[in-house]
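The chain that follows stands alone, in the form predicted alone, written as structure tokens.
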Amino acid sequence: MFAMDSNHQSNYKLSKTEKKFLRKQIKARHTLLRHEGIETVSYATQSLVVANGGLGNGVSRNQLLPVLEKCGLVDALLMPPNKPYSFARYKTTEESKRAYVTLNGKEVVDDLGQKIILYLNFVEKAQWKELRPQALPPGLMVVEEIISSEEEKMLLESVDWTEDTDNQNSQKSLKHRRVKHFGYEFHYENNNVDKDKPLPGGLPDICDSFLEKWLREGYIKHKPDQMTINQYEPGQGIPAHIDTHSAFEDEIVSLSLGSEIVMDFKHPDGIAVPVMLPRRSLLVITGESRYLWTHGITCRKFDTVQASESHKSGIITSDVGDLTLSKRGLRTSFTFRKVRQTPCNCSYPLVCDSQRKETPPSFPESDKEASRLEQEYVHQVYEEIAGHFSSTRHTPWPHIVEFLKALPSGSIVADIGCGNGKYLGINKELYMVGCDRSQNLVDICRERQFQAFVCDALAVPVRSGSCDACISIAVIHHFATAERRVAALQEIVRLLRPGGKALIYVWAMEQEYNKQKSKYLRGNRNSQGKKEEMNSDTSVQRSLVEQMPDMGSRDSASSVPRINDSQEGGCNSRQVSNSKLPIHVNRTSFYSQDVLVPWHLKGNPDKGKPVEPFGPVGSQDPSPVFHRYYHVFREGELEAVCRTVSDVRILQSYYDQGNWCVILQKA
């Protein structure tokens, strides 16, 4: 191939192909800096960053290493999990220069048979910030080789997938797998069973000897009376969930047959632990791992696993020098549960459906208390996360763009709660001004040459009736009482001239609407939160150069309320003083309207400093977690709030990917 360094452009005239590769290499360089904080250098070093050559876009260690080794001795190949790039360190600078010249623009075929083009750039050091080794979730155990290969074969052959669907045991082909139920049918919509409708026949006799053995050896305390058999083709999975507390007794055990799999466990504060379940192993979930952590299997055809042969089960560590991809095979699981006949009295009352009703979430009892809650869980948080938050805000939402584009040329428009100013430059024919409570976000707006100032949305220092239009995108849900939400709306209306329009967006409690799940619920990425677009999916892309312009973070979210602060140990979360407010986690439906949503801060939190996702290998500082207050709106609630404001009429109300939206007009 050829060297693609812009410093050499003047030495000879580049061909059309060379110019194309040079442009893409420079784009890869800029993308790595913008989204990952990886700074490349223009001079030769021993270390290279290989864009598009990562586990995150289907390139395994066994596939990439031989390609790199053709250019010299590779000292280290670091492949961060779920990232579309890797780091290679050569023995000498001469060898890395040879790789830079030879491999830039080289086409390789990934493990799925798709062609990928590599783009290489020099870096000072090939290092990656690693978190300290994690422990298995409390109460979780993986027992290897719990059965023999002969017993595995016997169990697999006992499952008849050709049976009629009308037979006595409930058999279904779900979107992501085939399923059989015995004893009781497991209902996935609520992770429960109908205790009054047992299936005839009970559990298959073939399971008796195994269950008796596990009882004797102490893996289970109750003999199961419900079994679910799942068959997973490569690429299939099961959404993250917690089996309903009141439905089953403490221990849930699952036998893995046919193939290994990585199962993801996640704590309400966002800590994720990938656990390898080898073939013929037994997963035992009890205690905290049963009642507090979600578990699920991500839909993918390859798992990120340890490359070393000695590592069989347990946690997939963050040792980027020992990670590769493992192709999934056909896996069958036998999951056993004991149906509970009495209410659950576990140690996690705020996440327990048997006990939760006795502990309603707390609400601010005064305007002063509400203001204090907003100061701690909204204002201070956005000041801390402003830089990282802004780096995740790229793509404007179509309906908001449509509203702004439809306004007459020359209109004066205020963006109340403008964040990083994403919407301030959409329509150059408008005179737009933004305001936000966060000084750091306003500073970012100003750096982008937008007009913005700091103020509270309840007291905007703009003359009444001076705006032709206003937008308020994902702001009003941050106010902690109904009165303050009405006051925020009244302030927006005050700014409008007669006939002026306002567009309001708030998060919706209904994340499934008209039988369609929002992108937020459909997403499967373990990352972080959006102030504006809760449901804008930014999954890991196959090509860093072509498809990585919007690799933002997002909130993990579902509604598992938090336990008290003393039970948070080891999760590196900033202390949450109001422990009665639920913590919202992990992409499932809301159960409470007033929640705290975690934001996992990545990189250097100091404003103005570059994000540094890689540092000294073995660094012990995991990302801090902040919590933001939200009131999620029920269907019709936003319209009802609008009707309390005088001199306005609702022109339009609609649902937009997990948000309730209205367009108002001032009389």
Partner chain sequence: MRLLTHNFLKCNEENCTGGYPLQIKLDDTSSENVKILEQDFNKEFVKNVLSKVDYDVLYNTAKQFGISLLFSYTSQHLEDEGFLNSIHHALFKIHIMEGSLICPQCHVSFPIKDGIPNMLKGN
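Residue numbers count along the first chain shown, from 1. Rigid core (definition): largest C-alpha set, two forms, superposition within 1.5 Å. Predicted model only: the values in this text are computed from it and were never measured.
There is another form of this protein, the form predicted together with the partner chain, and it is not shown here; the text below is about that form.
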- line: Exactly one listed stretch (326-334, 147-155, 250-258, 451-459) reaches within 4.5 angstroms of the partner chain in the predicted bound form by non-hydrogen atoms, and it is 451-459
query: Pick from 437, 290, 501, 267: which has a non-hydrogen atom within 4.5 Å of the partner chain in the predicted bound form?
result: 437
statement: Contact with the partner chain in the predicted bound form, heavy atom within 4.5 Å, among 219, 513, 591, 431 goes to 431
message: Quick one: 30, 411 and 446 and the partner chain in the predicted bound form, is every residue within 4.5 Å by at least one heavy atom?
response: yes
- prompt: Applying a 4.5 Å heavy atom distance criterion, does residue 466 contact the partner chain in the predicted bound form?
  reply: yes
query: Would residue 639 count as a contact of the partner chain in the predicted bound form, using a 4.5 angstroms cut-off between non-hydrogen atoms?
result: no
query: Within a 4.5 Å heavy atom cut-off, is residue 300 in contact with the partner chain in the predicted bound form?
result: no
task: Determine whether any heavy atom of residue 494 comes within 4.5 Å of a heavy atom of the partner chain in the predicted bound form, and answer yes or no.
output: yes
- prompt: Taking the rigid core as reference, does the Cα of residue 495 move 2 Å or more between this form and the one not shown?
  reply: yes
- prompt: Would the C-alpha of residue 457 be classed as shifted by 2 Å or more between this form and the one not shown after rigid-core alignment?
  reply: yes
message: So that I can tell if residue 469 moves, could you say whether its C-alpha shifts by at least 2 Å between this form and the one not shown after the core superposition?
response: yes
